[in-house]
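Structure 1 and structure 2, given next as structure tokens, are two forms of the same protein chain, each shown alone.
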Structure 1
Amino acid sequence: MVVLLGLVVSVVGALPAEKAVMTQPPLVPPAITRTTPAKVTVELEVVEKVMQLADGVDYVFWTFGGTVPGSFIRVREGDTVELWLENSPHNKLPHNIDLHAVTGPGGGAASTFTAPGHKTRFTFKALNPGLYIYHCATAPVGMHVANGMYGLIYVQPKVPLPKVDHEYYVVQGDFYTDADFGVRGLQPFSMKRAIDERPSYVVFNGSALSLVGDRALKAKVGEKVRLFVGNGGPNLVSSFHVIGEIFDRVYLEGGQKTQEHVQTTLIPAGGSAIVEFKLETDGTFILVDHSLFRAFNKGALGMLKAEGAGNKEVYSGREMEDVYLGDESVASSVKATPVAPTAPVAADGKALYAANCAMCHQPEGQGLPGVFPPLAKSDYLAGITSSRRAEIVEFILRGKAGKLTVNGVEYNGVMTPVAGLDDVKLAAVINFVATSWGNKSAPYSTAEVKRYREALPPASAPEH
């Protein structure tokens, strides 16, 4: 028995030792090329710090390694992992770590329960391959997780997944503040909202700003992308979807089984999925939780920009557009003619705005910081000179992508073309925007809008 034990120890001792390569989101450490087990040391420092939850909104996050999600850990099936947890002396609270990749009581939680200014260590063998959440499990667990204490550990299978061009790291989380989405300043955690499961923020990678604009994920047309996706929770289940893509393959729940041709994959709180797709055409592809109010009103929105030549065979862009009158043809053509240029169309315009624009620019035109520019008191809108009045018609009918600055903030997003607006409706919605929330642009007549529409080049802008 004693001899046996000695043997085991010496075998472990004989494993080559290495330090794990760890990365901050959205990056993933390179694939492990070793073909035999090693003893891998992982060092995680718990850092309590203030970061942006959304534009102008600060929050005290508790993190593994200074980011939300925490550093990505990659080991190989069969490796022996020595994990150090360090709790900075400046932190107020004890923390620990429960890795779902661990076989053993508490997943390491009790062994790593660490007071501020201390460090602990435990060792486990990575028996099962797959993508696993790790999280803090210190009481009150829900609060530690709600403050950002989670990340992913990937136990790479002995036979690794096929090579791809890009691997990225994305984790969804729900956040709870007393104030609703977008209220600026330092926002404290609200236990009440957390218990009620009423998040004010649902975001990818710890902030509504993590994956938009310049921070969008990048790839080229023709390349293969693999996303390691997790859901830290603490409460919500994610319906993970990429607008305009079909996942060629999903490793369901981060395990071994795959499903092909998936539109939306369900990621439980404290769970994961690996999704793969090839970029067949160019454009901006939007990552969302398809529980859509989370995406458009609470921040669960990211972007992947595919550069390169569009593929018209795969996606044509808009090929034609005409007015469709349906069985209202008589009524609406009668209605359309007598509308005078300055007719009071505000009520109609308001409804059209709510139906066509508010999901992005928000009900009061206030926009979503960093993602959708405001229309209310937009200096961009106010600065449209008489020679450029056609521009807004073009935005709405053709969409708009690329850099644009509104009230001093640069946006680099995509406005998708809005379909189904005839000249009357177009004029109504533009006039509503042009004259509401303190905006004071000169109204547009139907004839003017018609003129601009007819002068537009044929539709071809990349869309998603």
Structure 2
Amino acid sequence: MVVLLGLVVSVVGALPAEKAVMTQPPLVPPAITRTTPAKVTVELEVVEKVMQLADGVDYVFWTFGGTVPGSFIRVREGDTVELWLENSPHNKLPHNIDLHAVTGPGGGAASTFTAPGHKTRFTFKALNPGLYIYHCATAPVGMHVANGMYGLIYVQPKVPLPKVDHEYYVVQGDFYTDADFGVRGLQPFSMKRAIDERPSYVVFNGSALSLVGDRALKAKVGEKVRLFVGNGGPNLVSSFHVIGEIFDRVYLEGGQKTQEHVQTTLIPAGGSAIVEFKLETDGTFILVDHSLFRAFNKGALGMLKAEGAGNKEVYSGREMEDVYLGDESVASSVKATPVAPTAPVAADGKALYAANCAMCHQPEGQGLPGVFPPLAKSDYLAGITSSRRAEIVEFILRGKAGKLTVNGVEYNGVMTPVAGLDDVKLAAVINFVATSWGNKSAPYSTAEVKRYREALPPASAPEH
């Protein structure tokens, strides 16, 4: 046994040694170019810290490397990995690590139970290529994972994947607070909600703000993008989708099997997928969990901004807009005398608001913190100038992407255009908002709305 052990040590010792390059989300370490195995050292520190879960919402995260998800680890198939787990002396709790890439008891958890102010080590061989979740497995396991203790380790195959222009790191997680989504302040963990699987937040990369606005992923038209996507859970399955893109190739569950031309891919809790696509035109592409109330009401929404010249053959943008009457056209055709439209009334506006706006801005105009700005008691609507009045019409008809400050809070998201509003209906819905919930703006006339609409650039022009 001693001779065998000595042989093992000598073989391992003969491998070239290197320290793993690890990155914080959404970045991915560069591809490994060597063609032979190495002894790779991974040092991962557990840090308990307060970070932002949503706009104005703080949470005590338990992290690997100070971020959620934890640092991205990249090794090569056949490598011998020496992993050091370091528990910061400022932490309050013991932690360990279970890497799904490990063949051995607990995926390493049995060897890495580490108290604050201590560090532990174990060694494993990366036998199987693929993309794997790692997470804490200290009891109560679900609570440690729910507090953000997960990340991805990529065992790069001996024959690496084809080169792409950008690789990004995105992991979904569900979080459980005593208060509902958007309630400001430092929020405690709710074990009851976690057990009942009723998350207050479902987010990418640990925050509803992590991949929007200035933090959006970036690429250029014509470039290929590869996303390493994980699902830390602890409870929910992810229906991962990029609005306006089709995955050219998906490596199912992070393994070697692929499927092409995929719209949405399922990623189980504790699982992963690798998705690839080429950006054929410009614009902002939205990453979502296609269980859509999670995206628009709990935070599972991100952005990828593609810069460069658009391709009109691939996507034209809005080419025209006209009135569609539907069944009303039949009734109107038999009228002997056309009836002039009446002035917009608040009741019409209320119904139009409920049908077109309330899902995002909420029934009472309260908005969603960090996602959709409030319309109720909004300084954006108070005492508005003629240029602001024209801008509001443009936002409704053409949509809006980018920064907007309302009541002293900056929002950086996407408002989709509202279709099917003629001048009468458009004036009605604006007037309902402008005179409801404490707003006291001067009403719009149909003629004013018509004038602003006609002043917009041609609908066929590129829209960004």
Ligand code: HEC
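The term rigid core refers to the maximal set of C-alpha atoms that superpose within 1.5 Å between the two forms. Predicted model only: the values in this text are computed from it and were never measured. Quick note, the numbers are simply positions in structure 1, starting from 1.
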* To do: Please state whether structure 1 or structure 2 is the form predicted together with ligand HEC.
  => 1
* Inspect the rigid-core superposition and answer whether the C-alpha of Glu391 shifts by 2 angstroms or more between structures 1 and 2. => yes
* Asked: After the core is matched up, is the C-alpha of Val47 off by 2 Å or more between structures 1 and 2?
  -> no
* **Core-aligned C-alpha movement of His118 between structures 1 and 2 reaching 2 Å** => no
* Having superposed the rigid core, state how many Å the Cα of Ala447 shifts between structures 1 and 2. => 4.2
* Once the two forms are fitted on their rigid core, how many angstrom does the CA of Val424 move between structures 1 and 2? -> 3.4
